[in-house]
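As a starting point, one isolated chain is supplied in structure tokens, in the form predicted alone.
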Amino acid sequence: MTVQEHLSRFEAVAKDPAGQLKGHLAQGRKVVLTAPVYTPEEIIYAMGLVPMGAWGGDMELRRSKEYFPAFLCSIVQSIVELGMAGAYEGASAIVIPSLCDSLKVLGQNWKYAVPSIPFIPMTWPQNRTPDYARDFILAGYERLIRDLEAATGAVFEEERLEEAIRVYNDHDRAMRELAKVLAAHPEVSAAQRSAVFKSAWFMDKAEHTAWVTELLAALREAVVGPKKLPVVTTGVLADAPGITALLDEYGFTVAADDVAAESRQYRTDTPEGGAPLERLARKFQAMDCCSVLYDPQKRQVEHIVRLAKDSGAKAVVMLLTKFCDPEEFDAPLIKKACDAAGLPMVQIEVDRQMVNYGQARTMLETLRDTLTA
């Protein structure tokens, strides 16, 4: 297959999560929805279940407003909107982490708005690095396992978690390598890149790794296209078709990303040594550089600047999810650090209800003109 044929497969999956859900169910597999931002999918996978991302969708919000104020994150609201519309029917449960106030509200409202799909909380410690935090994480895993067993009838076996960890570590490494290789292929559009990352949320991870490996082989043999303007993207989501279309229209290529739904998921592998659950707990403790992970030093700020320099990016494009408090708190610090590094930055406010991208168009056009002047 050609590079474009490989990319078309990912695009088909990214555009049809409902079809993926039906496909898993048709194979006799039970699906567990995983809400943003970090859910221990390895545990779900080890139980023979299919973890499937639930990050909402671009739509007008109607019924979800019965449960949420208008100023709440539209990602959270659209998850419930889809749930109330029956888009997730057939799923056996939804696991919702508690890393921000909006996600805590999501879990409580889901119980009433979508009672047909059981809500399972995953409570992470905010102060995650001390040894006592590991005990807290392990207790959360034990509750998660009990709730999954009750909701699905599946049984947890620690030996199978070893294999699940291997599958997910392999996928992490493949996605990190893909991000590097894609940066050297500007002919791959921002929309196509987004589809590769988005499709991972809906597929069996072993199958997705196989597809990515095939794409990597094709990219290494392909002729590199004409140069574009390299940028780093950061934010919670970068999958809005209106945004990716504008990045492509104005000649930008994503040299690297710090996006919660994309590369942030793959930065940290589960370490070797010890019992599988304990290793998985250490993985969460090692995670860093993310707006929803407690960090008084705000290392994410310098991480973004370093990412831009290391990748050769000429600017940073921050896609700020409207009403996302953790991202909004960090935005001024990121801007200040970019200014100090001589790195242009644009901040584009996005949400799941956007239909007019005029402001984003003006910002990206101005950025292009600034970089090419």
Partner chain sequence: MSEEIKKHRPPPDPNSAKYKLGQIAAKAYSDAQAAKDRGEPVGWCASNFPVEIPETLGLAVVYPENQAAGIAARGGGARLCEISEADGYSNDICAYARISLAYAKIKDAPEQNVPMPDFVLCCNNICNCMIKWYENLSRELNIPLIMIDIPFNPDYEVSDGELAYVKAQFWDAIHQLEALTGKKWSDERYREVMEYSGRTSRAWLAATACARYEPSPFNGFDLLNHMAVMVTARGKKEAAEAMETLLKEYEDNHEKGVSTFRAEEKYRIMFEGIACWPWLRVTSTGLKSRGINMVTTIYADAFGFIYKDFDDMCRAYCRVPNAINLELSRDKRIKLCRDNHVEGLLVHTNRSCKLWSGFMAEMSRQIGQACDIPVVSFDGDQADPRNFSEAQYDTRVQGLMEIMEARKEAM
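From a predicted model like this one, the values you see are computed outputs, not experimental measurements. Residue numbers count along the first chain shown, from 1.
Below, we refer to the form predicted in complex with its partner chain, which is not included among the displayed structures.
Q: Asp310 near its partner chain in the predicted complex, any heavy atom under 4.5 Å?
A: Because no heavy atom of Asp310 falls inside 4.5 Å of its partner chain in the predicted complex, the answer is no.
Q: Find out whether any non-hydrogen atom of Gln108 is located within 4.5 angstroms of its partner chain in the predicted complex, and reply yes or no.
A: Although its partner chain is absent here, Gln108 would touch it in the predicted complex, with heavy atoms inside 4.5 Å.
Q: Is there a heavy atom of Pro226 no more than 4.5 Å from a heavy atom of its partner chain in the predicted complex?
A: No - in the predicted complex, heavy atoms of Pro226 and its partner chain never come within 4.5 Å of each other.
Q: Is Arg166 near its partner chain? Define near as a heavy atom within 4.5 Å, in the predicted complex.
A: No, Arg166 sits far enough from its partner chain in the predicted complex that none of its heavy atoms falls within 4.5 Å.
Q: Which residue, Ala255, Ile94, Ala200, Leu72, is the contact with its partner chain in the predicted complex, using a 4.5 Å heavy atom cutoff?
A: Contact with its partner chain in the predicted complex is made by Leu72 alone.
Q: Go through Ser78, Thr244, Ser291, Gln265 and name the one with a heavy atom inside 4.5 Å of its partner chain in the predicted complex.
A: Selected option: Ser291.
Q: Choose one stretch from 40-48, 54-62, 300-308, 24-32: the one whose residues place a heavy atom within 4.5 angstroms of its partner chain in the predicted complex.
A: After filtering at 4.5 Å, what remains is 300-308.
Q: State yes only if every one of Glu11, Tyr250 and Ala315 has a non-hydrogen atom within 4.5 Å of its partner chain in the predicted complex; otherwise state no.
A: No: no residue has a heavy atom within 4.5 Å of the partner.
Q: Relative to its partner chain in the predicted complex, which residues of 255-276 have a heavy atom no more than 4.5 Å away?
A: Nothing in this stretch is in contact.
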